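Quick heads-up: it's one chain on its own, the form predicted alone, in structure tokens.
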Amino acid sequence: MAADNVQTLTDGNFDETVLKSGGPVLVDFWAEWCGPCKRLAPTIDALAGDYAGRVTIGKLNVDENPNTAFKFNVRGIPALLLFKGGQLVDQVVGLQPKENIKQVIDRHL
């Protein structure tokens, strides 16, 4: 199942998992109450399968982990932030089709 490839990120493990990662990391900033976030979830799971071994994909609940969301100025969700070499290199805000998200990821591979 693709969801097995999606890591759960927290304020506590974010630096270690994302900023110190050797490869690209796509982080889905979401919340339980967010309808578009829920609609995006199957796309995130599918991308995790598509990019397994090439891109780390994780989800960060902004309600449970406000510090990380604040640090990266995440004001609207869903927000997908792409990190590479510990730096924020791209972002997509709002519900987007899978192809749009793939284009963003592919630019940085």
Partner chain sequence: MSTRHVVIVGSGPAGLTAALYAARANLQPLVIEGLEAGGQLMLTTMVENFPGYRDGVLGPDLMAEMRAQAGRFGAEIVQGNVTLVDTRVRPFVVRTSEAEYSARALIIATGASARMLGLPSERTLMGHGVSTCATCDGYFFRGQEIAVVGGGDSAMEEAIFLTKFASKVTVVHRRDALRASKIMQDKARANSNIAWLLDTEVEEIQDTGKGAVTAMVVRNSKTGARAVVPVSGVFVAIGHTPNTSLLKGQLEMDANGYIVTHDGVQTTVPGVFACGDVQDHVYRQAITAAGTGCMAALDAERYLET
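Positions refer to the first chain, counted from 1. Fair warning: this is a prediction, and the values are worked out from it, not measured in the lab.
Although not depicted, the form predicted in complex with the partner chain is the subject of the following passage.
Engineer: Are 34, 93 and 97 jointly within 4.5 Å of the partner chain in the predicted complex, each by at least one heavy atom?
Structural biologist: Answer is yes for this spot.
Engineer: So in the predicted complex, does any heavy atom of residue 71 sit within 4.5 Å of the partner chain?
Structural biologist: No.
Engineer: So in the predicted complex, is the partner chain close enough to residue 75 to count as touching (4.5 Å, heavy atoms)?
Structural biologist: Close contact exists here: in the predicted complex, residue 75 approaches the partner chain to within 4.5 Å, heavy atoms only.
Engineer: Hey, in the predicted complex, does residue 62 get a heavy atom within 4.5 angstroms of the partner chain?
Structural biologist: Yes, contact at 4.5 Å.
Engineer: Is the gap between residue 39 and the partner chain in the predicted complex 4.5 Å or less for some heavy atom pair?
Structural biologist: Flag for residue 39 set to yes.
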